[in-house]
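Two forms of a single protein chain come next, each set out by itself as structure tokens; they are called structure 1 and structure 2.
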Structure 1
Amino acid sequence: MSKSKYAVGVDLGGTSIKIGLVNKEGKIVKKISVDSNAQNGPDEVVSQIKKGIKLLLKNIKDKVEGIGIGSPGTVDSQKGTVENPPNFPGWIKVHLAKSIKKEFGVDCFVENDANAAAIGELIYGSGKKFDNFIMITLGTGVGSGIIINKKIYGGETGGAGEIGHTTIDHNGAQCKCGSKGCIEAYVGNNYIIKRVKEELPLQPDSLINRLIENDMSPLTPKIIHEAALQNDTYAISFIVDIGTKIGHGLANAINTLDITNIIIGGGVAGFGDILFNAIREATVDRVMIPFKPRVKVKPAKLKNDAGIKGASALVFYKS
């Protein structure tokens, strides 16, 4: 046991901070969660992270190689700083890595959470065998990370990979980023629920109505998927439409980057084969001819605790 290498992974969220002790194979051997208390400002959040790590490491005898943190907001991974994370009032710029390193005496690496998810797949998951891939995380938002030659591609300021905010219809749905027709504006979790709620009254025969017993409040992507698995025409066509839109957005990224390996994670990816087949078909349909035979669309391997695992992967990736 003492020969294993361990890292701490911190998944910083607006409500809670999930922290795990992860071995080099990506297995979580212990995990805890603490409130982020984001409303009390950055000092409190940093203090909660420290408190959580101490709690996690209590009675742990194994040597920890380092601490990785996946954070929302604009992250400068060289400097270990986090700027303006949404849902964290009062943050301007916080020197997170420096503060954590000082407290625990081990290296600390901070990355944007979408990039951390991509590094997680690179080190532990579906990206192990790829030198280059695009990772998309389908959740409330649509995050993405671009891996080039087994490294995160950050662009000029670390802000690259906002594929969720590329448009597929420049006169289309208003996106909260200010643009129109962004992939996120069609396939973000809230959008999906909103659209099904609007369309369902026109689909009286859909099985979804029975599954939710005509009460919209429990409607989730999972219920839509369940109906689709039972061959509900509306549910299937809905998921295919979501997948088609994702595929058309991915084709833009592929034509720009000449990277044809795609890994897709996040809750909405739970739509399973129906979604993945639709994404594949739409992507291949729209990329330039030489790219068509090379397109691979794979589900992410890290499911639950992807945030903790991705963050811990930063340690093994950097060291």
Structure 2
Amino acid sequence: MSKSKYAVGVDLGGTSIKIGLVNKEGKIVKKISVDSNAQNGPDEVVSQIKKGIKLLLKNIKDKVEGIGIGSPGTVDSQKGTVENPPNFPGWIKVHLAKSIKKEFGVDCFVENDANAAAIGELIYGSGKKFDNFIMITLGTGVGSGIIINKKIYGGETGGAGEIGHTTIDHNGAQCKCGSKGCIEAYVGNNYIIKRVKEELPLQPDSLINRLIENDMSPLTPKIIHEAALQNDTYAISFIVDIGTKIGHGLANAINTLDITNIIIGGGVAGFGDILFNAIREATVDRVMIPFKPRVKVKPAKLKNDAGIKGASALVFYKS
């Protein structure tokens, strides 16, 4: 195994840490997962990252080229620091790259997780043919990354691209970020489940009721999608409403940046064509006239491996 052929990609999540050994073509040749133990503070999480990398590299004789980490929170990629990631108690400012480099003796690169996913799509996925695109990741929250001239745009402090925390309703729902009316407050996974649970009693004819056997506890976006595929009126209208809200937020970004290529990933993107068509229509409806014919909305290609592959790309394609 030659030094220049492989990198370690680390996808740091609040519940688990996914770690992969990745070659330059973006193929994951080995993959493991360890608990993040985030509730125990930053020292424990960093210890778990080190433990996971050691497990991954067990029986790997030659050095890897480097280690890339995609992390939630505000990341200074030049200094390798992570500040205030959500769901990680006690993380005020952690010098993550320095700690990992000291442990393994190879370069370590850290980037915001949504930015890492965007870099992964740029190098290995749906963004290959684009010089410029906006990627949003729909999951528990709404992550996003902006690619300009084939490089991630981080802004002055590494915090750029938080499209999920742009406002679509100035009197809107409270968001965890402290603001109101953010896109994330309407389309994050937790909001979706909460809203459907509130509305279902008013929708007695909805197929969702039968799919969950009138028990709210197993409700997931997948069940909502399944009902929509069977032409359930409520499920379809709900997904269209989510897509419309996302589209209006994306239109703000397009009108600001003049970037009309959109890539969408994450679990909520599993709503499929109903969601994508609604996003596309709402985006085109709200962008300025010259942008309308240029708008493209595509699904992300890397799916669940976007974090690992994007983190590995930080090593191979460092700017």
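All figures in this text were calculated on a predicted structure; none of them were measured in a lab. Superpose the two forms; the largest set of C-alphas matching within 1.5 Å is the rigid core. Structure 1 provides the reference sequence; residues are numbered from 1 along it.
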{"property": "Label of the structure corresponding to the form predicted in complex with a further copy of the same chain", "result": "1"}
{"property": "Rigid core superposition, residue 277 Cα moves 2 angstroms or more between structure 1 and structure 2", "result": "no"}
{"property": "Large Cα move at residue 39 between structure 1 and structure 2, threshold 2 Å, rigid core", "result": "yes"}
{"property": "C-alpha of residue 105 moved at least 2 Å between structure 1 and structure 2 on rigid core", "result": "yes"}
{"property": "Rigid-core-fitted C-alpha displacement of residue 60 between structure 1 and structure 2 (angstrom)", "result": "2.4"}
